[in-house]
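First, one chain by itself in structure tokens, the form predicted alone.
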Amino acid sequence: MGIGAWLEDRLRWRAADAFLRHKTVPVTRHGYVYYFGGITLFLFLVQVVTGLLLLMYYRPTADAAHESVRFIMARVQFGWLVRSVHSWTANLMVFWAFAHMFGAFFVRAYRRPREMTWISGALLLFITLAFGFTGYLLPWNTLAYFATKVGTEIVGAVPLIGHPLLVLLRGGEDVTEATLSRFFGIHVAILPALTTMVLGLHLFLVQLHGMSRPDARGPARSMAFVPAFVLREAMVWLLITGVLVTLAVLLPWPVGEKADPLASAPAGIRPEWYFVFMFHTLKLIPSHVLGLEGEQLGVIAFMLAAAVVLAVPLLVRDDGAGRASRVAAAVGAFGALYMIGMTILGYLRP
């Protein structure tokens, strides 16, 4: 019995091979959107590999965390490269996760029967942001320490359950070694487990329902998934790899100064770029609005926005004329411009 027959008898791999060879990808003027999800997946895989390599040397304690990162950068062979690739990949993954969500939204990939595909994708975006939030503290440097302090204070502003959530995240009333330990556990255990489950569901649904075709008018053109689309995706991944290595070599990610909880916060402290639009919005809201604290009102608004993102397939129901989709597209465009504008303002007006 040959190896192919042996594998077929146990894995039934020929059925999967036949499915992939018959699978097609729509060819449209918005075809570039179909690559965004693959880019995000590739960056996640890079994060997993580089994260496992860093895990061999990283020590999640207040005394040793910063020193272990310095050791990786200075003493471990190619450690500086692995750590810089990991940090740059984290930022690029957030960017492409947002691009994937907005791209899928504007081509209306949330329509029936892809509602669960959209919801699982939105959950993956939120998990990606949680990865960024928890991973930012792990080097235990000054900026990360005070940014985490500000970020967890915002969580504490959630009505009713804010303070218990803050204590749960921090492991106490303040950001301490207990916070570092909890963030490390969330970052390397809880979030990867959640990602594995949700990503598996998302990929299964994409294969089950295929890729959405934004415009049903005109001839339905398509290309074979294997090998045409796979080769194009591989070329994109190769390009992204080149960008990552170039950034890591020319702009190594800084280690920063070790966090000192007794020191005062640096001037102009802000979170990572993908949270700046939220941070700056909360700064602009008056201290009290309609009897509510401004920060609480802002947090409620962002929670409602997240709920709306999840519920898009249920909220946008076309009546045949496409009016609901046009309104949704306008709202989505406003949301994207708002995030970009507030991020720019956050850096121009610290």
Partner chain sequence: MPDRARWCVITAVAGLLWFFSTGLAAAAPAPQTVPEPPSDGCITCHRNLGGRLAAPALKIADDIHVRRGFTCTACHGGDAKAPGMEAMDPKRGFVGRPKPADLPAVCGKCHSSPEIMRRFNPRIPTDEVARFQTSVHGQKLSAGDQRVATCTSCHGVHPILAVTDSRSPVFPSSVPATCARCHADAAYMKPYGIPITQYAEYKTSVHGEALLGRGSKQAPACNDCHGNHGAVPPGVDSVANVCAQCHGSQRDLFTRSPHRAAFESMGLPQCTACHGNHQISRPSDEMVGTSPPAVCAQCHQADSKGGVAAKVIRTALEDLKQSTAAAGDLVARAENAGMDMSDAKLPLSDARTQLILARNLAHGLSLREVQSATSEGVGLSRKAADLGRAGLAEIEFRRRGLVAALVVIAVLSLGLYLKTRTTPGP
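These figures come from a predicted structure and were not determined experimentally. Numbering follows the first chain given and starts at 1.
This protein has a second form, the form predicted together with its partner chain, left out of what is shown; the following refers to that one.
Exercise for the section: May I ask you to state whether residue 234 is within 4.5 Å of its partner chain in the predicted bound form, using heavy atom distances? Expected result: Heavy-atom contact with its partner chain at 4.5 Å: present for residue 234.
Problem - Contact label in the predicted bound form: residue 164 to its partner chain, heavy atom within 4.5 Å - result: So residue 164 does not count as contacting its partner chain.
Exercise for the section: Considering only heavy atoms, tell me if residue 222 and its partner chain come within 4.5 Å of each other in the predicted bound form. Expected result: Within the cut-off, so yes.
Exercise for the section: Please check if residue 129 has a heavy atom lying within 4.5 Å of any heavy atom of its partner chain in the predicted bound form. Expected result: Judged by the heavy-atom cut-off of 4.5 Å, residue 129 is well away from its partner chain in the predicted bound form.
Handout entry: Full three-residue contact with its partner chain in the predicted bound form, heavy atom 4.5 Å, for 27, 228 and 241
Key = Per the other structure, all of 27, 228 and 241 touch its partner chain.
Practice task
Heavy atom within 4.5 Å of its partner chain in the predicted bound form: which of 207, 181, 246, 91 fits that? Just give me the one.
Solution key: Contact check passes for 246.
Practice task
Only one of 106, 80, 98, 275 comes within 4.5 Å of its partner chain in the predicted bound form by heavy atoms, so just point that one out.
Solution key: In short, 80.
Exercise for the section: Considering its partner chain in the predicted bound form, find the one stretch among 182-190, 250-258, 263-271, 148-156 with heavy atoms no farther than 4.5 Å from it. Expected result: One stretch meets the cut-off, namely 250-258.
Problem - Neighbours of its partner chain in the predicted bound form among 70-94 [non-hydrogen atom within 4.5 angstroms] - result: Contacts from 70-94: 70, 73, 74, 75, 78, 80.
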